[in-house]
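Just one chain is shown here, as C-alpha cells, and it is the form predicted on its own.
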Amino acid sequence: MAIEVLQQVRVIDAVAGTDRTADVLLDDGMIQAIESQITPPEGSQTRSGQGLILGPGLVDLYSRSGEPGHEERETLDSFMAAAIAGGFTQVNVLPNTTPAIDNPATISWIREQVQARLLSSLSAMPTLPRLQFWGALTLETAGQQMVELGDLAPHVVGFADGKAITNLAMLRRMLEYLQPLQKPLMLWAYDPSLAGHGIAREGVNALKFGLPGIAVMAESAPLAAILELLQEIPVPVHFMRISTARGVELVQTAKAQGLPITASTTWLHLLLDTNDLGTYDPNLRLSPPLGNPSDRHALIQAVKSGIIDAIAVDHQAYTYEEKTVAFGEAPTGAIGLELAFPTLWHHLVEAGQLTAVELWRALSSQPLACLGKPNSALGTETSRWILFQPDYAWAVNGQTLKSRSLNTHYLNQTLQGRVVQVG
C-alpha cells in the first residue's frame, strides 16, 4: 500500500481527549504521524479529508454470535463482516452459543474456525476484527453449576454468562474463586421472577399500549444484592445492560463508596424508549426492555458524566421467521454492529447531547478499560483506526447490511453516517 497523506481531516483521539483538524500520514495503513500540516513525502499520494472523521477503532464489550449452533442466524463470517462494516475492530463474544463457551475445547474450535476464515477470505475481507471471548460462569450458561474457572481462564477475556445469575450463594462462591484469577467478571443484574410475564418497562406507556409491565426493581433489587456481596468480597465487576434511572443511581452510589465496579448500557437504550413501542415492532422486544423517557435521559447523562463507563452493542441476530411474530411472542434482541455508531452520532452528537470525544471514548477506550486492558493513543503501533463520513446517506436493507439477519427497527430506513475505511 502506498504512503498517503490524508489532508485536513477531523481527528478524534479518545485517549488524549482531543478533537482537532490535522493531516495524517499513513504508511501501509498504519498511522505514522498526525500533525497540523504534513509535507507529502516524495512519491506519496494525497487525499482530502474534508467531511471525514478519523478516530480509534471501536470496541464492543458484548455481542452474541450465531455460530456455533445457530448459523442460520449469523455465521462467524457475517458476524465479523458486520463488525468491520460498523467500525468495530474488536468484539467480545458472549458465551451463550450452542455449545456454550464453557470449556477450553470449544474455545479452540472457534479459534480454528476464525483462523480458517481468515486464511480463506483475505481477498474478500482483508480487514477483520479481533474476536475475544467471554468464558461462561456456569455450565451451558444455565445458571446451575459453576464451570472450572481456572481451566478456562487462560483462554478467555473474562467471565460472563450473558444471562442473569439469580443464585446469590453460588455467585458469592464465584467471587471468592475469581479473586486470584485476575480476570474481568461481567454480570447482568436482572431478576426474572420480578419481571414475571412482563414485556415492556412498567409505566404510562406500557399501560397505554396494553403491554404487561416489568418493574424497575427487576433490575434494581438484584443490583443492590450484588453490590452488598461486593462490600464483603471486593472483586472488580462490570455490570452490563444497565437500563433504568434507578440502576444509574445505584451504580453512582457504589462508585462513590469506592467499590471496584464499571457499568455499561446498550446503544438502543440511549436512542429509544417506551414512546417507540406504539408500533409494536417485534425488533424492539429487548431484554432488558426499553426504558421510559426518564430512564433514557438518565442513561445519556450517565454516559456523559462517566457513571456509565461504556456503550455496548449487544448484537443478537434472529431469522425472519423467529422475529416476524407478535411483539409479546418475539425473542428478545436485535442486530446493531453496523447501525450503532452512525445512529448514536446522528442522534446524540449532532443533537448536542454528547460530544464527539465522549461518544468515541464510550465506544473505544472505555470498553478496554472495563476489560482491564491498556489503551493506546492514535498513532501508536497497536492502535487501529476508522474513517467515518457523517453525511453518508445509506438505506438499511438486505443488500447493504453484512449481517445475515435483518432483525432491526431501522430496516428500510435511510441512515446518515457510515464507516468508509478501517485501518
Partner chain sequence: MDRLKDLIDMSPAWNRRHVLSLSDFAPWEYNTVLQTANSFREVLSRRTKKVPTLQGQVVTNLFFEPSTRTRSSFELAAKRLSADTLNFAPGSSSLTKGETILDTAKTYLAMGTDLMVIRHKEAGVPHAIAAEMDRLNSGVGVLNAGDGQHEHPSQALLDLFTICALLDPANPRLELLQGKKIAIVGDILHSRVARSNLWSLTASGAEVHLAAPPTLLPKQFADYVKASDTEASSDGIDRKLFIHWELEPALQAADFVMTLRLQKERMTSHLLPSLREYYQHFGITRERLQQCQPHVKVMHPGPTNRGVEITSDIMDDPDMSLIAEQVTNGVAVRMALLYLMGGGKA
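Quantities reported herein were computed from a predicted structural model and do not represent experimental measurements. Residue numbers count along the first chain shown, from 1.
The same protein also has a form predicted in complex with its partner chain, omitted here; what follows describes it.
Comment: 201-209 is the region of 246-254, 201-209, 71-79, 175-183 lying near its partner chain in the predicted bound form, near meaning a non-hydrogen atom within 4.5 Å.
Shown without its partner, this chain lists V325, A169, A351, A116 as candidates; in the predicted bound form, only V325 has a non-hydrogen atom within 4.5 angstroms of its partner chain. Of the residues T127, N275, Q301, Q132, just one reaches its partner chain in the predicted bound form with a heavy atom at 4.5 Å or closer; this is N275. Interface membership of D151, defined by any non-hydrogen atom within 4.5 Å of its partner chain in the predicted bound form, is ruled out. None of the heavy atoms of E112 is located within 4.5 Å of its partner chain in the predicted bound form. In the predicted bound form, its partner chain lies within 4.5 Å of some heavy atom of E329.
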